[in-house]
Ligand SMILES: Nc1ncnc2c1ncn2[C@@H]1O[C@H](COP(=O)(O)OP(=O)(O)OP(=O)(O)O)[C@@H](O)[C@H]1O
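A lone chain, given as structure tokens: the form predicted alone.
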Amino acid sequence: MNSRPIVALDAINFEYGGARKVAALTDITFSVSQGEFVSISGPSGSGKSTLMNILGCMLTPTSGSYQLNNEEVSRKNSREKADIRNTQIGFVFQNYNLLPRASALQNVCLPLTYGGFKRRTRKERAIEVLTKVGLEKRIHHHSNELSGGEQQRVAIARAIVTNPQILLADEPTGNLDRATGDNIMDMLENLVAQEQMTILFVTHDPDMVKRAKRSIKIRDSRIAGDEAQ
């Protein structure tokens, strides 16, 4: 694993509300190196989702520093953050967030369309990543023709098609049965092992936490544990 930090958070705080402030994150400090496979867990309301939204450049911290690939991103404007999301960060969601009337190929091509890639390049790259996740025979099937596990594979292919610096996964196995969820985790582990991808995932499932190489636990808006496994 490369020791170069991809993500570096220093004293991150985030508060909701107006006159009455509510601390969602307090003094969050950690870094993640290239090729790490990290779980973020904790009870509901602990601040996990807020942390993921800051990592994904969808929320700006109230204070503190967030560097992505040695670049301070927390104070960038909305257009600059959108560019970072489109080029450096891949997202995988519990509910897949696929276009139901579009094929697997069309769903995976979407980020490349936003990136201005030519049609032929989009198609070639999308087929390449769909093959990588084992869906080369399902590329023309619409989302509603795919199983839950296949839909999540499409979502992962869509997330990695732009070669992002980091992959953020929010409960990636939450809607799947145990066997299918294990298959999805196997796929994420392979991305780390074979492509040195950096992956952070949120989960409530202690069995999925055990699959990570490092476990960060959040409780009451603070880091309650950060351990290699």
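These numbers come from a predicted model, not from an experiment. We number the residues from 1 along the sequence you see.
This protein has a second form, the form predicted in complex with the ligand, left out of what is shown; the following refers to that one.
J.: Does the ligand come within 4.5 Å of any heavy atom of A24 in the predicted complex?
T.: Taking the distances in the predicted complex, the answer for A24 is yes, it comes within 4.5 Å of the ligand.
J.: Given that the partner is absent here, does S49 sit within 4.5 Å of the ligand in the predicted complex, heavy atoms only?
T.: So S49 counts as contacting the ligand.
J.: Taking heavy atoms only, is R178 within 4.5 angstroms of the ligand in the predicted complex?
T.: No, R178 sits far enough from the ligand in the predicted complex that none of its heavy atoms falls within 4.5 Å.
J.: Heavy atoms, 4.5 Å, the ligand in the predicted complex: which of 39-47, 192-200, 159-167, 65-73 makes the cut? Say which one.
T.: Within 4.5 Å of the partner lies stretch 39-47.
J.: At 4.5 Å, heavy atom to heavy atom, what parts of 199-223 sit next to the ligand in the predicted complex? List them in sequence order, or say none.
T.: The stretch touches the partner through H204 alone.
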